[in-house]
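One protein chain, two forms: both are listed below as structure tokens, the first as structure 1 and the second as structure 2.
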Structure 1
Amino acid sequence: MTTVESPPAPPAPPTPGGRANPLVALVRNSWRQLTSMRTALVLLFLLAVAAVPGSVLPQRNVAVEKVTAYFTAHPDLAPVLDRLWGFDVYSSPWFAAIYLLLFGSLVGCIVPRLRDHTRALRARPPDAPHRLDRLPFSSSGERAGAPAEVAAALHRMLRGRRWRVVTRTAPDGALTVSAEKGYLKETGNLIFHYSLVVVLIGVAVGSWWGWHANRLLVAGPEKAFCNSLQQYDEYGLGARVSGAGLPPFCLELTGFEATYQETGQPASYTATVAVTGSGADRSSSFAVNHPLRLSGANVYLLGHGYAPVLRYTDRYGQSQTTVAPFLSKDAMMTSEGAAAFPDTNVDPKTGARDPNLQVAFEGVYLPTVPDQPPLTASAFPAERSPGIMLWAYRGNLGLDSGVPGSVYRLDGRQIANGQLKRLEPTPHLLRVGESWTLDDGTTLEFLGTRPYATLSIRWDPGEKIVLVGTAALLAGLMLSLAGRRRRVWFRVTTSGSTTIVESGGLARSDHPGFAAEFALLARGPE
């Protein structure tokens, strides 16, 4: 088989006019600079360095409370860092500038490479160089048979080994067989780099159209909530998401089961919820690592706790019951919290409300009260011997001041300024069903607890794109790193009546096995 190579493309003509527009030249030079491998390297470095501060400083999107604590601990430094986006590193303009430049460089690099590669895939392996013995691998020897047969046999052998082969006739009558293999390396490399772009697009989609919200959900029908922003303790919406567009559903916690090892280490958590408003009503269980997948939202179980149920009966005999979630502060679920009764001691006849007769309780709930004092910390996370240790307060709770306070804690300022007084110096331990009569004859009863679950409700429409991108990225990476681009040439000539075969080989990517492979090929078909 004889083919004629098309001549190589002529070199690009010099820019006409001698001097190019300086602006165009500047843009062109900057682009060339940006898309160079060295720039890519520098930008990769910058990206690594820029990611560091975010692991040292607390980040708002990871732990807001730690940022607040940092502001308290470093009142001078924190505002300066904040102005430099020190607490929002990964959404900061300077971080974005680096990765956008990097991806600019990437695109500028891979678009021409894709063009070159498709061209290379269609092109034939290049003709043999003049001196095969100058190549890193070479050999020569005599063969039996006519040159055309020998060349055809070599051609067939290479084809059989899935090389791309072309046989040419040189002007001096010699037959040359050129073969190349390992295009998959560059294909893989391009897949890898394009996948990086796909992953970035997926991340962007997620940050624009994704949203998340957190909610502490206490068991019980009256504690159920529906998916709207007012119902959330904390939330974040992507730039393209409006609060009105959230998918409709309502959740009620109907059960919560936690199991523990004897050491108190948790073994499993399972929450059961009634789902309504999103297609057919149903009951679903979900657990850590096994989220509840609804259409347009996923519900994750992050943690759990106990909400003591407390009933207070005031001076007029009126009772109020509150279910107050207490936050656990150690592995044994010692939980802290407060229960406030702002609307008590209202004279039923006059309706007059004495703001100084508001009542509140603060303290710790112990799911397992230890056998021995001090009774300050729970001995086991499950409710083996539950008890609640409370201090009673009376006075003005400060709820009308307009300053939002924590529901887990009484307003410390009111206690400090004497408007809210602690009734007894020591806390009172209540077991389930017990009641406690205060100095004014009012009573507090501890009715038991209800479990609560802390939930994270999230939706990230970019996730699938990122997943697909990552899978392609890995496949491309492996092809690229394992691939071996290599070329071999054979020149078949005659000298008198003998046929001589010269061969040469070139491994275009580093790999040690080529010597053996070349030796095998150079021996020719058996």
Structure 2
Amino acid sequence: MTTVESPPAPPAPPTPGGRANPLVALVRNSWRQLTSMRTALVLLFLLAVAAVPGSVLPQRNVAVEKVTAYFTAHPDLAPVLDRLWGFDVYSSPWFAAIYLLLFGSLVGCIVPRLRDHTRALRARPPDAPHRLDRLPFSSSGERAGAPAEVAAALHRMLRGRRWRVVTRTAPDGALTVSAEKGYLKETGNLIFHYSLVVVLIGVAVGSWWGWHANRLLVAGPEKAFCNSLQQYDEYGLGARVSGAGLPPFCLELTGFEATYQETGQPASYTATVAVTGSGADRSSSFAVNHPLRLSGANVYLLGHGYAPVLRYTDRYGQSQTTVAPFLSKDAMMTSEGAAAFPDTNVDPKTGARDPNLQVAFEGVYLPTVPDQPPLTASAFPAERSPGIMLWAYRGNLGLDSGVPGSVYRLDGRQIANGQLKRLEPTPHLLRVGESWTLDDGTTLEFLGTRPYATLSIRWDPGEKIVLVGTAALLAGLMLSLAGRRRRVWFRVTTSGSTTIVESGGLARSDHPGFAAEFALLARGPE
């Protein structure tokens, strides 16, 4: 980023006593320091340094579960970082302060530059110096024709090459031709910096009026969800957004298609959803990098997985079915998860439930079970030979303790204190349609799987502003790099019957090709 110090402010008017107002002087000096190049560079460096914790530490608006895991792994350090906004870096007061100061410094720099550039564009090229031979590039020679004809030919030549040209008559009767070129460099600089302001405004608009949320959506009508905060796994709202202001719509995952190469690398993911309440009920398909566009929200497909369907029949013959999403842990979709049945083994005569007879299963789902052991990882991500390896647990699941836990794994504290016991030392492999009879005569059946999709629902009203600002920023950068500011002068005089033309050139910026360009201009029109 190129930043030029703003011109010095005019002196403050003196007070009636003859001394400058100290408050006005303080404001003037503070503004002068804020809009200086040194301050802008320092603020830009501080902004880069302030963004480092956001890259190193997990952020709540991106992965709240990772923040929770960080608190578990670092119980002493995490609260200190939390008080310093370490897990909400980009919404912290100190990050906003640096951001706003940089914004003010940038505006204070470019507004005077625009005024000066507009004035320079309207100004005429300056008259030729008295001694052209003292310029970095100069030459002199005789030309055929009258001075007025030679000057007019030089004028036409320069205009034809898109130079700004002015012809003047000097007091001694000599004709001078002044030309300049390269204002697009400063124009590009200003477009670049104003576009940067537009990008910052777009980011601020998105931060204030945008929102985002994540949801793991399993296929099936009973797993559909509506756009409310209670339905999301995690969410983040802008400063000017409330939960009541979210657009009304509901989504049901009706299908998911994944294709893979023979190496197991994914080729395509396509999700099909039924949309209701968004103005018109419809069925829509979307894929990675091709989001579903709704009124006031965009739905992005992040990933997918499998949710085994398990049916447990307790000792009283009562059956319960659960659809438990298993989270993938490798590229072959080897997935881990848990299925809990807390309301089993309820005596139908008395309605009494023994909390120590709750049942749960934890294990690994393999979309393609290997032909040879060990059966610890899937051989392919698609369901070519599905199977699930499960451990059975019985006891108190700890769901009534009030302590929040993960739905994807059992409570390790209950297992450690012996209230939840593993029934067998080795896991049991179930294929689709197979059942497993436990030691008390109860059974577990593996009915199959349902696909699930990991969705990110987002709305950023500032993204179009950022897009326009970024496009203009790149255009301004190209103009700035291509533009070269330079000036040339010609003085046409007579010596007897001979017309003499003196020429001089000055490159206002680094321009290695100006020597060749000046030599071509100095030769004059062909």
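If you superpose the two forms and keep the largest set of C-alpha atoms that fall within 1.5 Å, you have the rigid core. Residue numbering: sequential along structure 1, first residue numbered 1. Keep in mind the model is a prediction, meaning the values are calculated, not measured.
The second of the two standalone chains is derived from the form predicted alone.
The two forms, fitted on the rigid core, differ between the two structures by 2 Å or more at the CA of H74. Relative to the superposed core, G54 undergoes a Cα shift of 2 Å or more between the two structures.
Shown in the overlay between the two structures, fitted on the rigid core, is a CA shift at L477 smaller than 2 Å. Relative to the superposed rigid core, I98 shifts its CA by 4.1 Å between the two structures.
After superposition on the rigid core, the Cα atom of N29 is displaced by 3.6 Å between the two structures.
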